[in-house]
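A single chain, nothing else alongside it, follows as structure tokens in the form predicted alone.
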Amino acid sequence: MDYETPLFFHVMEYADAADRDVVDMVSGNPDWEPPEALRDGLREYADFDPDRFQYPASEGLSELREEIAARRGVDAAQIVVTNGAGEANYLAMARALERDAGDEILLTDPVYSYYPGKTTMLGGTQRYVAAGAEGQLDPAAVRAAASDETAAIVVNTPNNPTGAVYPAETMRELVAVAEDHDAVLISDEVYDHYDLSGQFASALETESTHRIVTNAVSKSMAVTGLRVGYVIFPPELVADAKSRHMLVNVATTRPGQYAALKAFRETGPDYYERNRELLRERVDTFTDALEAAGAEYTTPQGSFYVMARFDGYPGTLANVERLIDEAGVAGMPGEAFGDSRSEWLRFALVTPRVEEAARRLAAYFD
């Protein structure tokens, strides 16, 4: 089996090896502070007795699962705490394919490139549904692509890379498509706290046994290295997911779970609003510069990515390397996200140097 190594790693290595100063806009690693309660939780944990550094329950600390369950309106027994949203999506896709209800995974184009790789690794086949110019997904197009071979429909809202946020009607219709084809809607909602539109709707708002929701504290609390995520399964799918999680990972970091729990309990909504406001300012700064450079671009409704198209400069890996060498800005090639955005580049607005990067791009493409 051929595994696909995401281009992220290649671009990051190339930027690190550059002979000049480079503004890194490759990966979605927030540069702002995590909640103070999370830091406090890690400090507290350092002084606990040795038994607290041993294996936790494989499915996650019971207190953390109960906290998540109360917030999301589900039963704690439906939740598996995972090594970030990455493992959550892996478990969700595995369970969808193990149902023997087809081996096809419907993905959007553009797509977060880890989804196709996971599909291949799990023995499934990919089928793509094109998103609109601003990244919105037409449920009618998803319905037209679905068949008896469809095991799962995987969506990400707010979306990476387009910044689209799917409204409640779209989410309801996607669940309905999954139900009609005995498939599972897998909704990756890791950017839910970065909804800039006020339109975000979780798949959990539609009661169904045909939807799985994944999430993590990685983005919302600016701790991508903590590796604490979770997945919410329908009751009939959770037992085997827990077994797979135990066999693959045994358990998730115990100190990290404790810190995440403390942060959930003690972090108010103002923390998340400050980060959204910072992101709004960066979107304005960056898109203003793209406008000045004559680029076509997306204005994100959520998440923290902007896609841009410069005339005569397609989004190839070679052009990304050229931009690093000649402009000192590192983004991602559009071709990494599917055929429909091969002319585009993607930039992550998670650096305090957004304004400097914008100036460099404007000057380079002037």
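Since the model is a prediction, treat every value here as computed from it, not as a measurement. For every residue, the number given is its place in the sequence shown, counted from 1.
Beyond the structure shown, there is the form predicted together with another copy of the chain, which is absent from this document and is the topic of what follows.
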- Message: Please tell me whether any heavy atom belonging to Ser27 falls inside 4.5 Å of a heavy atom of another copy of the chain, as the geometry stands in the predicted complex.
- Response: yes
- Task: With heavy atoms only and a cut-off of 4.5 Å, decide whether Ser243 touches another copy of the chain in the predicted complex.
- Result: yes
- Classify Ala57 as contacting or not contacting another copy of the chain in the predicted complex by the rule of any non-hydrogen atom within 4.5 angstroms, answering yes or no. yes
- Message: I'd like to check something about Ala140: if you look in the predicted complex, is any of its heavy atoms closer than or equal to 4.5 Å to a heavy atom of another copy of the chain?
- Response: no
- Task: Heavy atoms, 4.5 Å, another copy of the chain in the predicted complex: which of 262-270, 180-188, 290-298, 80-88 makes the cut? Say which one.
- Result: 80-88
- Within 4.5 Å of another copy of the chain in the predicted complex, heavy atoms considered, which of Asp31, Asp339, Glu326, Asp311? Asp31
- Item | Contacting member of His193, Arg127, Arg227, Arg172, with respect to another copy of the chain in the predicted complex [4.5 Å, heavy atom] | Arg227
- Within 4.5 Å of another copy of the chain in the predicted complex: all of Tyr114, Leu247 and Ala251, by heavy atom? yes
- Message: Do any residues of 36-51 have a non-hydrogen atom within 4.5 angstroms of another copy of the chain in the predicted complex? If so, which ones, in sequence order?
- Response: Leu38, Arg39, Leu42, Arg43, Tyr45, Ala46, Asp47, Phe48, Asp49, Pro50
